[in-house]
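So this first bit is one chain, no partners, the form predicted alone, shown in structure tokens.
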Amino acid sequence: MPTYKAPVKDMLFVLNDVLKLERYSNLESFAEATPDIIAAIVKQGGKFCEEVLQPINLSGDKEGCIRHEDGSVTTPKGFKEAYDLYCQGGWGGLTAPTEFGGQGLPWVLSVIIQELTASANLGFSLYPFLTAGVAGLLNKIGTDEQKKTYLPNMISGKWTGTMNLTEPQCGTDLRLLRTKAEPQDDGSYKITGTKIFISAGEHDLSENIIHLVLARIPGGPEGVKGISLFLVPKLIDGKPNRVSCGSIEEKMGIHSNSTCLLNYDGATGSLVGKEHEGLRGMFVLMNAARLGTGLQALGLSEVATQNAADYARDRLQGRSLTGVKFPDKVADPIIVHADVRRMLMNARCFNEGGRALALWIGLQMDLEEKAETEDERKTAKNLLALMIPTAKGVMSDLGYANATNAQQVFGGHGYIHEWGMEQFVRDARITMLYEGTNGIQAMDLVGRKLPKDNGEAIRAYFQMIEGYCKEYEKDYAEFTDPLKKALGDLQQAAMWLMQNAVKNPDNAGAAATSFMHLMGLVALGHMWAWMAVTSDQALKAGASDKAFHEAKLITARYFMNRHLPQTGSYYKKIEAGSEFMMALPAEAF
């Protein structure tokens, strides 16, 4: 049976010591986020996840969701009770606006809760995660009446929400979308069509489910310019709307989340935003959704690594290559073996570095809206443009790889359900696929974000990293020198793409994933340099938790020496271009 311990100390270290959230106490919503309040939130959130969500994760995966003949869906045993406790604790309203019943705290704190819940129980976490996304979108572009009607109920958890984009013939390419929205005399619309892969599409946790649906108004423009966005409740004034669950998808993982096929048969809906501007509205929540997907992978990597480390300390197998370490035992625990250490250290680098990166990105999302000056808000927006696709793609790729390696530490036991490791692997796989596959994230980064405004965003990022290295190179060259070298590879790669992608677009496609991972390594390198400097300064100041900070420095050195040099190989892959990748005819595959 797997276990989970919330990484409270590490989370507080990043929030208070690295990011120093107290610096922003002058900004809206940050004044209440004192170190004491932050500590209470992280500790209580961790306790809830450890004691309530984690114990029903394995059983929820085994039981799954059940669709009944009337189209209703029952979630696994214990989920309704856990959801009620989640709502009573106010976790869904942590960062929501106070005027609608939320607590109004900085959005960066929701990053913490998303990781904790994903680690403890990914299937459960998707129910409130999607609800928060719909509520956040309504708060930004909904009408006053929509906000008044929906937000208090969604923030309290009384109602939940979903996102409906995908159709059987239409995934990423929304030009192919067929769902129709017929205008009615009373200003409403009748929605007709079929949506698939709808997470939390039907369940028994909340009184109502509010579906956010992309559809076409007849007579509108062709392609993506003719797509509009609608709110379609499951119930209207307590009576069923014409939307039903046709089936639950048979999936590889996240069995405890009801991923549904939904049929809309003239269901009543209301327009969100303007006609034919549905994608613009949907992109309002995409930043949070894509970062959230990366956090799901991070959470699974964390819990899988914790269990692998526990197993490695206990499992006796063979003797250390450098001599017997436990002579009183019949064999040494496998944690003495370098190859086991390799897998655990690689995961540790990602878990701690990825957590810092995710929290830093979450802070940028706050600053994009709340920073004092227009320049600061613009800088945050530019950084997010680069970091969101990078975080989603890199964190889910590495999170899945780490879950698989954690399973590897268990050997054959990792393949058996009761140990929980194979569930982590299955659950982590979806993070590379939904909210836009990782190849799409890479193409978005290279094809849209990199050249936008003549490369303004990437140039700002280069300047930020260069400035950091210059500030600390005198006393911390062991961390800044590898980061500067990695940044040089990233700069060369960006220049190569600017010179070669236009004349042959396949060069951009061939380079995209390598560029995304190169960018991710630099971003993680920045976080590790930042954490290493912070920990070293804490040690010099006589920090009481000496072991914690010494471990940070060792892990930082491991990352700088074992991982960051990979930027050179990614640059070489980019420089190779697309010639041989595209040379074979399709029928040769």
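Everything quoted here is computed from the prediction, not taken from an experiment. One rule holds for the numbers: they count along the sequence shown, beginning at 1.
From this point on, the text means the form predicted together with another copy of the chain, which you will not see here.
Each of 322, 505 and 555 is positioned with at least one heavy atom within 4.5 Å of another copy of the chain in the predicted complex. Distance criterion of 4.5 Å from any heavy atom to another copy of the chain in the predicted complex singles out 437 from the list 437, 156, 491, 103. Only one of the listed residues (74, 143, 98, 408) places a non-hydrogen atom within 4.5 angstroms of another copy of the chain in the predicted complex, and that residue is 408.
In the predicted complex, another copy of the chain lies farther than 4.5 Å from every heavy atom of residue 481. In the predicted complex, residue 366 stays away from another copy of the chain, with no heavy atom inside 4.5 Å.
Contact annotation for residue 429: at least one heavy atom lies within 4.5 Å of another copy of the chain in the predicted complex.
Of the heavy atoms in residue 444, none are within 4.5 Å of another copy of the chain in the predicted complex. Stretch 560-568 is the contacting one of 26-34, 48-56, 560-568, 527-535, since its residues have non-hydrogen atoms within 4.5 Å of another copy of the chain in the predicted complex. Residues are counted as partner-facing when one of their heavy atoms sits within 4.5 Å of another copy of the chain in the predicted complex; in 344-362 these are 344, 345, 348, in sequence order.
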